[in-house]
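In structure tokens, one chain follows: the form predicted on its own.
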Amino acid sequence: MLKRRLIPKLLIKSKVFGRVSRLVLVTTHQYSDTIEVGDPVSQAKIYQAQMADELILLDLDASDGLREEFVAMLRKAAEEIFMPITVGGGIKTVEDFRVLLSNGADKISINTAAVEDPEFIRQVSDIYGAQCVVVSIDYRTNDEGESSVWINGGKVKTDWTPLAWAIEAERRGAGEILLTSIDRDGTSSGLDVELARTIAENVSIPVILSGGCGLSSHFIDGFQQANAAAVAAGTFFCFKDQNPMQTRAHIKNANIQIRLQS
């Protein structure tokens, strides 16, 4: 049985210091309010020392496309850390894939571009392999319990349900699904295990579950109840008195197969 993965998620935005713009690590609350945390590369190095399995780097300011400063930050991070990195934000073309993969990314997360042109998934999967293609699914759930996929940083609602879009993304050539509840993002209220379990039962590719981790037990819920292949978290690791190594021990104590040594 494949071991489950623990993945810190680093959200990146630009901040102006005087006349200088610099990329900083932030956390979000339901994809709106942000809190500045610090330097993303320094934090990535800390997560590596704390035995994270992978990293996810997402550029929140990339609505107009891939940014050169983000690529430069990725290149610097890849020179200093030695674990798989998934990168997302503003990726719209095959050339964007080439640039990111040649600058240290191992996998590429696509969201808006995939929904707007589902054939784009097949195109990049055929060129670079399904193992490189992560389809990110951001969703909201209304008062009636109906969930819809949202794109453009959680600003635009689509006609897709998360389940239908996950099935279609796999059919088109996705190698993984990154599933995030916008409603639970940054709330520490727990993961949406019911929807995640339904999706995991209906696709054969790994599902990374994200959005809502506030306790170590929430990670365990994601693995045991939702059957997620991995759980990703940002706010939890930035502000809780828990690091990936400590969280990993709680997961292991719940008899979940997870890596314990580097």
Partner chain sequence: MVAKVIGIIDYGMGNLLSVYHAVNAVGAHAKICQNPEDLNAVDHIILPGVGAFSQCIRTLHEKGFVEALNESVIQKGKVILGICLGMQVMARTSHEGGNHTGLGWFDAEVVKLAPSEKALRVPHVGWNKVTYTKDSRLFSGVSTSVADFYFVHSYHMKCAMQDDVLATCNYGEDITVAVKKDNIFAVQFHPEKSQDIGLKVIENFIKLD
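Only a predicted model underlies this, so the values are computations on that prediction, with no experimental measurement involved. Positions refer to the first chain, counted from 1.
Just so you know, the form predicted in complex with the partner chain exists too; it's not on screen, but the next bit is about it.
With respect to the partner chain in the predicted complex, the three residues 38, 46 and 68 uniformly fall beyond 4.5 angstroms at the level of their nearest heavy atom.
The partner chain in the predicted complex is approached by residue 75, whose closest heavy atom lies within 4.5 angstroms of it. When contacts are judged by a 4.5 Å heavy atom cut-off, residue 137 does not count as touching the partner chain in the predicted complex. Contact annotation: residue 221 falls outside 4.5 Å of the partner chain in the predicted complex, judged by heavy atom distances. Interface residue remark: residue 201 is counted as part of the site for the partner chain in the predicted complex, having a heavy atom within 4.5 Å. Stretch 193-201 is the answer when you ask which of 231-239, 58-66, 23-31, 193-201 has residues with heavy atoms within 4.5 Å of the partner chain in the predicted complex. Note on contacts: among 189, 131, 141, 93, the single residue with a heavy atom within 4.5 Å of the partner chain in the predicted complex is 131. Residues of 84-105 placing a heavy atom within 4.5 Å of the partner chain in the predicted complex, in sequence order: 84, 85, 101, 102, 103, 104, 105.
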